[in-house]
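Just one chain follows, in the form predicted alone, and it is written as C-alpha cells.
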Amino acid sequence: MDQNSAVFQMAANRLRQATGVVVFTGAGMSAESGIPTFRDAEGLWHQFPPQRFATLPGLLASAVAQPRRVAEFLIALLGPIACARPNPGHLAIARLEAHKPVVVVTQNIDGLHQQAGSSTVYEIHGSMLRIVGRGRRPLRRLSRAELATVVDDLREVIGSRGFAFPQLLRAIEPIFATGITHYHRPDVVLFGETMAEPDWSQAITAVQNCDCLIAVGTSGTVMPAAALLDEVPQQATVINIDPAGGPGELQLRGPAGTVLPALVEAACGP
C-alpha cells in the first residue's frame, strides 16, 4: 500500500471529514489475530462442511455419529479464538473513537473489537464468548481462559480409549448442554438461523445514518450480511481495506493491521 497514492490520500481526507463512521469487518479482520477464515480454500468450511457442522441439527447428528470429528471441529474453531488478541487494526479502530463517532459492525464472533476498546460493537453473527439459554436468553459471559479449558479437555478426551458421544458432551458442558430441563449454547448464528438481534437491526440503522463506511476483511458477497452495503446512503463514502479488494469506491489493498493504523493516523493524527 502506497500512503502517498491519490487513493490513500482521498480516503484519509474523506475519513477526516466524516461525522459518522461505520467500520464493517469480516473474517479477514480476525485472520491477522490468528483466527482462520471460514470460506477460503483452506478455511474451516472446506475441512468441515457447514451442512454437517454449522447447523444445529447437523451438528447434533454428527456428534452422535462421529463424535471424534466434531471434537476436531470444535478444537479447530475454539482454539484460535481462545488464544487470539487484538491486532493493530482492531486497536486503530478503537483509537478512531477519540476523534469521531464510530460504530463497529462485525461478522466475527471472537469479541476482539471489544477487547481492543471499541465501545459500540454490533455482532450480527453473535459471539462465541456469550452463553445463552432457550430463546437466546443471556446467561453469562465466557472468558478466553474458560474457552481454552474446553479446548484442553477436548484434546485430552479425544485421544482416550472408547471416546464416544457422552465423553464429548462432558467436555463441552461449559459451553453447550441440551436436555429437557437444562439447555445452553454459545450465542452464535448457525446456518438457517436469523441474524442476531437487536444487533442486526441496530447495524442497519447505523449504516443508514453513516457518511463513511470502512469495509475491512470482507468480500461483501455473503448474505444476508452483505445486504448491509445496500443500506449505505448514496452520498456516503465506502472505503475497502483488504489485500484482495472488495466492496467500495476507494480500494486500499493491504492487510488491516498495516492499512488501518496508517489511515487513522493520516486522517486524525497519531
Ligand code: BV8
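For the two forms, the rigid core is made up of the largest set of C-alpha atoms that agree within 1.5 Å on superposition. Computed from a predicted model, the values in this text were never measured in an experiment. Start at 1 with the first residue shown and count on from there.
One more form of this protein should be noted, the form predicted in complex with this ligand, which is absent from this view; the next part is about it.
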Can you work out whether residue 193 and this ligand are in contact in the predicted complex, taking contact to mean some heavy atom pair no more than 4.5 Å apart?
yes
Does any part of residue 241 reach within 4.5 Å of this ligand in the predicted complex? Heavy atoms only, please.
yes
Is the gap between residue 223 and this ligand in the predicted complex 4.5 Å or less for some heavy atom pair?
yes
Report yes if any heavy atom of residue 20 sits within 4.5 Å of a heavy atom of this ligand in the predicted complex; otherwise report no.
no
Of the residues 47, 66, 37, 208, which one places a heavy atom within 4.5 Å of this ligand in the predicted complex?
37
Heavy atom within 4.5 Å of this ligand in the predicted complex - residue from 188, 175, 103, 151
188
Assert contact_stretch over 134-142, 151-159, 107-115, 94-102 against this ligand in the predicted complex, heavy atom within 4.5 Å, equals 107-115
Heavy atoms within 4.5 Å of this ligand in the predicted complex is the criterion; list the residues of 247-270 that meet it.
254, 255, 256
When the two forms are laid on each other by their rigid core, does residue 235 show a Cα shift of 2 Å or more between this form and the one not shown?
no
If I superpose the two forms on their rigid core, does the C-alpha of residue 28 end up displaced by 2 Å or more between this form and the one not shown?
no
How about residue 67 - superposed on the rigid core, does its CA move between this form and the one not shown by 2 Å or more?
no
